[in-house]
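Starting off, we have a lone chain in the form predicted on its own, written out as structure tokens.
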């Protein structure tokens, strides 16, 4: 028994010291959410809270990422830590799936149930004589005219950009496993550039929606579902681009090995999730 315990020792599981980063991240998100509530209610001081929360979030990410990177490069992570990271990232992406499922569910309820039911009421002819069960619709009580966002313009370009970025990050992952560092860095740079281009086109699309289509967050149920879904997706693309940039810098510094690079895999998982969500958005928000 003693010989067996000596030849097959249990691998040590690294437990880091307590750190303030989770609490700081919660404070940052609270500040941003509170500021958004004030902005939605026409209190422009809410932008200060949003900016403060965003700066705290960036600081937290920088310090937390730095701590984890330092521990990884110091050789403190082994098999058991890798398993924990994989489970943690899997549950995180699952929570993100449920997050977007809630918004897609609201869109489904509005389009398939709510709007047709309102149009079928006998009393609605007196209250809203011109209301019909068509989509896009801002709802019976919305009187301003607006134009929905067309699918085959910037949204189609953004779809091509994100699908291409999914291909480039996959090529970069293959290059890492083959230990082709130059190809790895090049295609990872392409992925970041495509993500930044997506965000630039989405900002242009929002400007067009507000200035020329009269499509705003306050444009009834269509405006709220459109901007909540596309806006939160854009926020996730922003976070993904930041994480990809960190991974790119680490690759340039010589981090990661062909058989030990879960940080790269985790960001690639997240980026593919962002791609899949956008496909759903393009089909159900823009196209159909």
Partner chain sequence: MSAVLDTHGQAHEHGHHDQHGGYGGVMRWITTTNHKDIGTMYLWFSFIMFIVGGVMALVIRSELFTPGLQIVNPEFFNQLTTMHGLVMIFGAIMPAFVGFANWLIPMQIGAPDMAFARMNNWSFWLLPFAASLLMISFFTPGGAPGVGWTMYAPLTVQQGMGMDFTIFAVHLLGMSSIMGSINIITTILNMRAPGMTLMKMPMFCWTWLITAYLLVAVMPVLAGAVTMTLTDRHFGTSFFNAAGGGDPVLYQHIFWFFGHPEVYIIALPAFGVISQVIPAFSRKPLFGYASMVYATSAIAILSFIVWAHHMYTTGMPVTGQLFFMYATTLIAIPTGVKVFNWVATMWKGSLSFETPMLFAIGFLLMFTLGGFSGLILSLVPIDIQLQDTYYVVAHFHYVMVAAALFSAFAGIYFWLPKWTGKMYDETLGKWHFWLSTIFFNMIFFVQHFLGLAGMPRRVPDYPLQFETWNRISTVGAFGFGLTQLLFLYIVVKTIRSGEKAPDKPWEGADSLEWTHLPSPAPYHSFETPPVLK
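Not measured: the values here are computed from a predicted model. Positions refer to the first chain, counted from 1.
Quick note: we don't show the form predicted in complex with the partner chain, though the next part is all about it.
Look at 144-152, 191-199, 109-117, 157-165: in the model of the complex, residues with non-hydrogen atoms within 4.5 angstroms of the partner chain sit in 109-117. Interface membership of residue 171, defined by any non-hydrogen atom within 4.5 Å of the partner chain in the model of the complex, is ruled out.
Although the partner is absent here, residue 220 is a contact residue: one of its heavy atoms lies within 4.5 angstroms of the partner chain in the model of the complex. Proximity of residue 207 to the partner chain in the model of the complex falls outside the 4.5 Å heavy atom cutoff.
When the partner chain is considered in the model of the complex, residue 60 lines it closely, a heavy atom lying within 4.5 Å. Proximity to the partner chain in the model of the complex, defined as a heavy atom within 4.5 Å, singles out one entry of 179, 214, 185, 84, which is 84. Residues are counted as partner-facing when one of their heavy atoms sits within 4.5 Å of the partner chain in the model of the complex; in 85-107 these are 85, 87, 88, 91, 92, 94, 95, 98, 99, 102, 103, 106, in sequence order.
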